[in-house]
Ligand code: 0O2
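Coming up is one lone chain in structure tokens, specifically the form predicted on its own.
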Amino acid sequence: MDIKLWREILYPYEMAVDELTLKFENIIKEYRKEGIYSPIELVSGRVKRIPSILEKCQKKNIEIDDISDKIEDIAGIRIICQFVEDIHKVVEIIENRTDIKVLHSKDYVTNMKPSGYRSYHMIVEYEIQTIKGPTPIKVEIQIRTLAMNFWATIEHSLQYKYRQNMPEHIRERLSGASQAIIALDTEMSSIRDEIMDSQNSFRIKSHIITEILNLIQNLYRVANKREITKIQDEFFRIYKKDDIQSLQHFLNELDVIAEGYRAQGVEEELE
């Protein structure tokens, strides 16, 4: 098939991947903006390469004209979570969306493959808008933890190297590594609350510091140099204490100072 024709065939899949990747990234931003823990940690997407599509067609005896109907993973989205519990929350988010239609799912987290592979797969239909009109595109969404993704990445590389003829001793070691991954995910789940509290504290602290620095930068335009120096010295003193409550209190005081200057500026404009 002509390369140009391949590009025409794959471009709608690229659109679907780009749009869905952006939408899931916006979900992360929305959670974090609200100060809520996001069950999605990372998102990536890809469109299957032409050699991989041809290989799958040959393996499953699929005609090129039938790839849109019979190959469901040309477009792929991978969602990475921190904890196993997050996977089911992400599945729920996807199932409740009105712009994504779930066609079918496979839970390899609960029902691990014999190789040790674990992940949650969803085949969905997502409609893109093209110059030719609305076009439904099938997309495979894989949802897994960071640990599962590490194992799957290594296993995929080895499968590619050995082409389905992986030596038995490598399979055994991969199986052992899979059990270690299960143990790791279980251990992380057992201290999930502590990890989330720590991460949440970091996000809150980061947000407060950003607000403080923005206010100081704005005060540079209106306050005198002596006052700015005093404010900066006080900020560094409180920052070294590494106490969120003290930082929040300083932010509140700084906001009052900034509001005073804003009010003064309005009065001057009225005069």
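From 1 onward, residues are counted along the sequence shown. Owing to the predicted nature of the structure, the values given are computational and were not obtained by experimental measurement.
Below: the form predicted together with this ligand, not depicted.
Would you kindly say which of Arg221, Arg237, Lys60, Lys29 lies with a heavy atom within 4.5 Å of this ligand in the predicted complex?
That would be Lys60.
Which residue, Lys106, His169, Lys161, Arg97, is the contact with this ligand in the predicted complex, using a 4.5 Å heavy atom cutoff?
Looking at Lys106, His169, Lys161, Arg97 one by one, just Lys106 meets the 4.5 Å heavy-atom criterion.
Sort through 223-231, 241-249, 207-215, 43-51 and report the only stretch with a non-hydrogen atom within 4.5 Å of this ligand in the predicted complex.
One stretch meets the cut-off, namely 43-51.
Can you check whether Lys56 is within 4.5 Å of this ligand in the predicted complex, heavy atom basis?
Yes, Lys56 sits close enough to this ligand in the predicted complex that at least one of its heavy atoms falls within 4.5 Å.
Counting only non-hydrogen atoms and a 4.5 angstroms cut-off, does Ala152 reach this ligand in the predicted complex?
Contact check for Ala152: yes, within 4.5 Å of this ligand in the predicted complex.
Verify the contact flag for Glu140: yes if a non-hydrogen atom of it lies within 4.5 Å of a non-hydrogen atom of this ligand in the predicted complex, no if not.
Glu140: contacts this ligand in the predicted complex.
Is Ser115 close enough to this ligand in the predicted complex to count, meaning some heavy atom within 4.5 Å?
Within the cut-off, so yes.
This ligand in the predicted complex: within 4.5 Å of a heavy atom of each of Asp73, His121 and His156?
Every residue of the spot touches this ligand in the predicted complex.
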